[in-house]
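The data below hold one chain only, encoded as structure tokens and taken in the form predicted on its own.
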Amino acid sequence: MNKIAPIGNTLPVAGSANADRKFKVGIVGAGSAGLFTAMIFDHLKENFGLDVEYEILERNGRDRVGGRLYTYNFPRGEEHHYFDVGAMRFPNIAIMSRTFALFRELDMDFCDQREKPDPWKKQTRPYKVRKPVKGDLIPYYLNGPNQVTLFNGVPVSNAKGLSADMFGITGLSPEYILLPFCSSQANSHSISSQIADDIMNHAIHEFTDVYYKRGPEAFWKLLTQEGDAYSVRHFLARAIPLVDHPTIEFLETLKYGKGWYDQSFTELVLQSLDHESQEAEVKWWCVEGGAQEIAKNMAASLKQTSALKFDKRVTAMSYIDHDNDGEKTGPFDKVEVKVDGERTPRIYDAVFNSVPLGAMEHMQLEGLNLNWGTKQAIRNLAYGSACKVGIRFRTMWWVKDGLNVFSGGISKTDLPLRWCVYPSYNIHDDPNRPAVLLASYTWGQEADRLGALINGASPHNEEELKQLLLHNLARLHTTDDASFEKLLKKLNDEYIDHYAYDWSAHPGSIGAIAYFGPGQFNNMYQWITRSNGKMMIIGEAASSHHAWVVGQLPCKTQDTVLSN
């Protein structure tokens, strides 16, 4: 990895001819990466006297500050009539320490009105027991009582481990295998009887063990040398020869979505580390009022209060050799940024570009003289699709009438809705009042197909989507045709409205999360992280932690600014 040329080398130096000149930085995108970069400059000024003027150019309006930290609030809604369209949950584990450090910096309190803290248990921050307010961190329940898993038409409730046999799925490898990390109590060791998580853990443990026992450097070397060249499906077939194609397809359907195992095996291993910890118990958190409150708090914390510029879509960037007054500087000394609708370009000493690569590709970047490797990386590094649909009902029907899903969790199915997420933030609300359910969360090919039913002006002209999801919800929560028909009628009667969002269809994202393909970490990732110190690509794609806020809190930004 080549070294990053620090912008600190071009800062005005006290006593020099340009000492009075203000160093000006452009930050493209007001997601968590862009906002965090601005916070770093505030910190440097406050603690080290480094005075840098910055502007943040955001293509969306003020209501969409935060990028993928996006919370949709239903119109004329009550306190909890929202859902997180983007990031929604945060495990308090070591890999996420930068995220929780950000929460501390923003004075976000941990708050739980339901259970008192254990005084002997280590807490990240003082634990508040009270009714939460917007911006508080509140418990997120990854699992809850009476959540359902429905595959192949067979419902299974409260299962701690899932296998093909549980759902009557046939056609998998007839071979028998004894896995060293087997949690299954089955008498048989056939592949179809094995817990799906055991099979996956068997495939990745060689790498995760190195991470925990020998550290990140040895882990990364092993992973890039032995795993990155393969897709997940290819590596599974290679690592466990008795696991055949139908078994891999079953695992992919059960765990994620169609096409998800086309990603690099490196991605799968990194995602497992992002989810898990060697700690006995991992506490998950979400944000009262929605995760976009994080971005709002970040924006409110900025010392340069007028720096945020909304409705500013960057169309082009190029290097120039003069400043705003036309005075000659030096070749490649300034970066000119053109904004849609503005006749006069903006000129900066350096630019941090945090927009997703799909949107970056639509910018005119010829004037940056990017090398072929960087151009290829912007064009080819893969992103995954995802859709979410929230539905507002007249009551919390999932809590009542014998369903008793009263404490969060997720129900999963092979039906088109895939994941139904029961919110953790409204579990104390009156179940007879209107409430919001995250009715569908999809990835990969399922998201592409569901996205075909989503209108850019949701919920308008989405009757087909509405009826599909109500049907799927009724099937997921019933066990026979009579109860299905009864619940389906109830859902139609209780439906108020919905909102659907397809991340691949939005021109500012063009994909939900970075989702690198085989070989892309080894051969393309380095071209995204390289910089001449004048135009830096930051954010999720320049991180190894995709799909998480921690990947948007760029160490690279700190390295570029602080190294000198």
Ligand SMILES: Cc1cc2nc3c(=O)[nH]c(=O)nc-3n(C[C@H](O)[C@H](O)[C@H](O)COP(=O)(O)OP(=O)(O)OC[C@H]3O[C@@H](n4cnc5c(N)ncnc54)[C@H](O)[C@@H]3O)c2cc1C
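Note that the structure is a prediction, hence the values are computed from the model and not measured. Start at 1 and count along the sequence shown; that's the residue number.
Beyond the structure shown, there is the form predicted together with the ligand, which is absent from this document and is the topic of what follows.
**Q** Thinking of 89, 312 and 513 as one candidate spot, does the ligand come within 4.5 Å of a heavy atom in every one of them in the model of the complex?
**A** The answer is yes; 89, 312 and 513 each reach the ligand.
**Q** Quick check on this chain: which one of 535, 528, 57, 500 has a heavy atom within 4.5 Å of the ligand in the model of the complex?
**A** If I apply the 4.5 Å criterion carefully, the residue I get is 57.
**Q** Of 465, 137, 386, 420, which residue is found within 4.5 angstroms of the ligand in the model of the complex when only non-hydrogen atoms are counted?
**A** Contact check passes for 386.
**Q** So which stretch, 29 to 37, 492 to 500, 42 to 50, 520 to 528, is the one near the ligand in the model of the complex (non-hydrogen atoms, 4.5 Å)?
**A** Single hit among the candidates: 29 to 37.
**Q** Taking the ligand as it sits in the model of the complex, is residue 547 near enough to touch it, meaning that at least one heavy atom pair lies within 4.5 angstroms?
**A** Residue 547: yes, in contact with the ligand in the model of the complex.
**Q** May I ask you to state whether residue 85 is within 4.5 Å of the ligand in the model of the complex, using heavy atom distances?
**A** Answer yes; at least one heavy atom of residue 85 falls within 4.5 Å of the ligand in the model of the complex.
**Q** So in the model of the complex, does residue 441 come within 4.5 Å of the ligand, heavy atom to heavy atom?
**A** Looking in the model of the complex, residue contacts with the ligand include residue 441, since a heavy atom lies within 4.5 Å.
**Q** Flag residue 356 as yes or no: does it have a non-hydrogen atom within 4.5 angstroms of any non-hydrogen atom of the ligand in the model of the complex?
**A** Taking the distances in the model of the complex, the answer for residue 356 is yes, it comes within 4.5 Å of the ligand.
**Q** Quick one: which residues from 526 to 545 get a non-hydrogen atom within 4.5 Å of the ligand in the model of the complex?
**A** Heavy-atom contacts to the ligand in the model of the complex: 539, 540.
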